[in-house]
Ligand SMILES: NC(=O)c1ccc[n+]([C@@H]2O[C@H](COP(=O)([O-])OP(=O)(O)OC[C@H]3O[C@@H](n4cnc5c(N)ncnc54)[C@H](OP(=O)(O)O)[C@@H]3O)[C@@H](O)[C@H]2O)c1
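Coming up is one lone chain in structure tokens, specifically the form predicted on its own.
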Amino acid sequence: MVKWGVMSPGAHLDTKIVPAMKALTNTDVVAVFSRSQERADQFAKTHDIPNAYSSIDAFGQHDMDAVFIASPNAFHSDYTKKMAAAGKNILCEKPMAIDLVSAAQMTTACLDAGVKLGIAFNLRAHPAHKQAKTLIQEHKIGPIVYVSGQWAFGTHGADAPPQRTGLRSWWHDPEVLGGSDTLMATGIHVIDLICDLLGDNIVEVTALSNGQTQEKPLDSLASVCCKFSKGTIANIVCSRIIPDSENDLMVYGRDGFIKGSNTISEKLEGSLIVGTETGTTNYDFAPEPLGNYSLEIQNFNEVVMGNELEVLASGQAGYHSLEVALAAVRSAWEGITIQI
């Protein structure tokens, strides 16, 4: 049994992470931390968690194997360093930090403390994407030429995403987010997914957005064109104002293609279509609303228990995806191509 603590009890923990944890037989959520004792107590009562803390030091001293950090982006680094110093393994929400210095400090702190650090890029957990990665590694569609991924949503008739208020108002603060709304919310997920599929790093970034100006510092639509070290070109689109978006993955090789139809999603759903010179094969996946979250938590459980060697997405992977996302933000601001 892996004993978990959770930090910053907002909507993400409430509706996704803690329910996914409680659905696993080898997971026990034993403590919650909030800067407000009242919020911590209420969350603990709602989810039947036995211990609630508003002191981060007391929380870190609690007997638990791992901590899930779901705080606003700007808090990720400090919370990770504190939990590493307390000897806890850490699964941290993306982006892992809002600047590269803080991200590097997180990885160093965990290495020095001898604890595991994972970044919650749950798209990696989708079995369609795992299968796609295997097919690419086995060269089933030849060398990869071009990849695209889109993760967008919105509301009909709305020219902007709804204003968030109260405890969620941090979503409108560029300094807390890391300089972008959509890139740091869904775009960075797609960046990480494509890097994982190709087993390669991005070396050049050009981005356009409807933000990153003095009048509108935050974007609600962004498109990022990337070049990988081995020459593959990729395009990532993320948005909060495309209500009819088809959130698909497309991988084009020299000898075939792979399409993840509606697999870029919080839910485990969609289908995988593989086309080669011998024909086309379809794989369908039964919808599991919390499936990707359960799979990423199960992976971390196995690492903590010593049954697996590698976390689904490491601190190094989180650093590179942040590096690319920050380069995209700068590219959109300055209208230039960024070399990484």
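When you see a residue number, it is the position in the sequence shown, counting from 1. Computed from a predicted model, the values in this text were never measured in an experiment.
Here the subject shifts to the form predicted together with the ligand, a form of this protein not shown in this document.
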{"query": "In the predicted complex, segment of 251-259, 218-226, 133-141, 90-98 with a heavy atom within 4.5 Å of the ligand", "finding": "90-98"}
{"query": "Partner-contacting position among Gln150, Thr232, Ser71, Thr263 - heavy atom within 4.5 Å of the ligand in the predicted complex", "finding": "Ser71"}
{"query": "Partner contact for Tyr293 in the predicted complex: the ligand, 4.5 angstroms, heavy atom", "finding": "yes"}
{"query": "4.5 Å heavy atom contact, Pro19 and the ligand in the predicted complex", "finding": "no"}
{"query": "Asn122, heavy atom within 4.5 angstroms of the ligand in the predicted complex", "finding": "yes"}
{"query": "Gly318 within 4.5 Å of the ligand in the predicted complex, heavy atoms", "finding": "no"}
{"query": "Residues in 153-180 close to the ligand in the predicted complex, defined by a heavy atom within 4.5 Å, in order", "finding": "Leu167, Arg168, Trp170, Trp171"}
